[in-house]
Structure formats: C-alpha cells, structure tokens
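Presented as structure tokens, the chain that follows is alone, the form predicted on its own.
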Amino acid sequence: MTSRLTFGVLGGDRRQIALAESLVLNGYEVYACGFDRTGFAADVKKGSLDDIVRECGIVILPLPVTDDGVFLKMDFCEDKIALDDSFAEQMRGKRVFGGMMERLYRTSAAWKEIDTADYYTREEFAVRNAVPTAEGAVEIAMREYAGTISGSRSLVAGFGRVGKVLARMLRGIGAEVTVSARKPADLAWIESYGYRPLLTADIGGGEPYDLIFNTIPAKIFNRRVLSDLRGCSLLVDLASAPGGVDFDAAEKIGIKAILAPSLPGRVAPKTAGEIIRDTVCHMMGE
C-alpha cells in the first residue's frame, strides 16, 4: 500500500545514492530503482519501478531528469525507463520532485495534472551548490595548472552565486583575484571585497591572467576575446548550457580550456545529495 511518507528515488547518479542513504538515516523508508550496478551503505530497499509506484507517495527524480528527452537518467543501470504517457500515468497521486523538469513535461500532457516541483529552480539549492562547484573548480586548477594558485593572476568572469564563492576561495589560497561584472553596483561590491573589478565587456583588453574561471552562460570567450588574452594557461568553464567558451578557437589559439559541468555531483556527491534532500524537505514543508 502506498505511503505518503515513503520515498522513491528513481534513477540518477552518485548524488541520488547519497540522497537515498541520507533519507534513510533521517528515519524515512526509501525504495530505489536504477542502481543495479552499485550498492547502498544504508538500509535502502532496492526495487523496481513497480515497487516504487506501489509503495511510495513521494518520488524524487534525478538532476537532470533526462539527458536526451526520451529516457530517465540512470547512470548505474543497463535497463532504460522511457519517459512517455505510461510513465506519467504511473506518477498520478504522488508528489514528484526532479531537477530541470522542462524536458520531462514535454513527454506527456498528463504532467499538467500531476503534483510536481523542480528543486533545481530553488534559490537555496543554487546557493548551496555554489560551494561544491567552486571547490571543484579549484581542484581542476590545482590538477591542470603547472603553477600554484597562490600568487597566480586569476580572473573570475561573472559575479553570481558561484563567482562570489569562487573569488573568496581563490583569494584565501593567495591568488591575485580579478572579478568581472556588467552592473556598476556589482563592480562596487567587487571592489569593496578587495578584488580587482573589471567590466565584463572589457575582458580581453590585454590584461594578463594565468587562470580564468568563467561562470557566465553566454559566449563571452569568443575567438576575438581569446585572441586578446595574454598569458592564460587554463580556462575553466563552469557556466550552464550553452556555456561561455568557444572551445575550438581556444584549442587553435593554444589555451587549454576545460568544460566542467555538474561539478557538485562529480566532486562532492555526498554533499550534493544532502542538498537535494534538504531542498525537497523544505519544499514539502511549505
């Protein structure tokens, strides 16, 4: 019999493993489907989609729900779950949470009549994910840059959530930090924090940087800007799709550019899973 307080974790990557384990440790009964090639440290009940439909009143889908718009994202299972009318109908009567739900909604008109919510759109989720994203960016720089971050001339393009956290981390390590922004108010805040402010439109004006971290989801680093950069050894693109770097141009110019999406799930899956748990629980409480 379906329980309103039994969770079903359906598909995903290491974040969803940590999510399921943390829910169990919080005292909830949890069923998980899509994890045939891995195990759980806590008492998570491995089951099928049918088990989740029968037993669970709350279903948590992965981030993103789907990579291709056709099948559910399931990194640890060979079987596929098609996202179609049949799948949507099985979710009727449940509370369904997921990350980046737009492509899921397009798979069936039935989703308009199902209780769904997108945890990816929550401000608390974005702010808390900025920390593992920034830590992942620093880890990439430590691995790929031939010098030390301490003493490096580092540019953070963009003063959003990730940009704010990353700039603070870089300065804490000892980097000379420049931060770009478009708005005069942001440039004033950047200066007040002790960073060097730079208008985003002026990136590529001849200033030398050893490391560049882009957080702006627009093609800021096009061929012209990349050609004007001096001394850059590594460019890490943290921006969401479509990204902010012309990678073909960077390769031809000789700048090592690395695309680094979904860093929380790759570098800190335990924390990322707990962030999903807390966000979903707050949404349920509201």
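Keep in mind that what you see is a predicted model, and the values were worked out from it rather than measured. All residue numbers refer to positions in the sequence shown, first residue = 1.
Unshown form predicted in complex with a small molecule; subsequent notes refer to it.
Asks: Quick check on this chain: which one of 69, 261, 254, 39 has a heavy atom within 4.5 Å of the small molecule in the model of the complex?
Replies: Exactly one residue meets the criterion: 261.
Asks: Using a 4.5 Å heavy atom cut-off, which residue among 196, 112, 92, 182 comes into contact with the small molecule in the model of the complex?
Replies: Of the listed residues, the single hit is 182.
Asks: Would residue 216 sit within 4.5 Å of the small molecule in the model of the complex, counting heavy atoms only?
Replies: Close contact exists here: in the model of the complex, residue 216 approaches the small molecule to within 4.5 Å, heavy atoms only.
Asks: Residue 240 versus the small molecule, in the model of the complex: is there a non-hydrogen atom within 4.5 Å?
Replies: So residue 240 counts as contacting the small molecule.
Asks: Taking heavy atoms only, is residue 158 within 4.5 angstroms of the small molecule in the model of the complex?
Replies: Contact with the small molecule, yes.
Asks: Given that the partner is absent here, does residue 186 sit within 4.5 Å of the small molecule in the model of the complex, heavy atoms only?
Replies: The answer is yes: residue 186 has a heavy atom within 4.5 Å of the small molecule.
Asks: Any idea which of 42 to 50, 246 to 254, 218 to 226, 24 to 32 reaches within 4.5 Å of the small molecule in the model of the complex, heavy atoms considered?
Replies: Heavy-atom contact with the partner occurs in 218 to 226.
Asks: Give a yes or no on whether every one of 16, 64 and 107 sits within 4.5 angstroms of the small molecule in the model of the complex by heavy atom.
Replies: The answer is no; none of 16, 64 and 107 reaches the small molecule.
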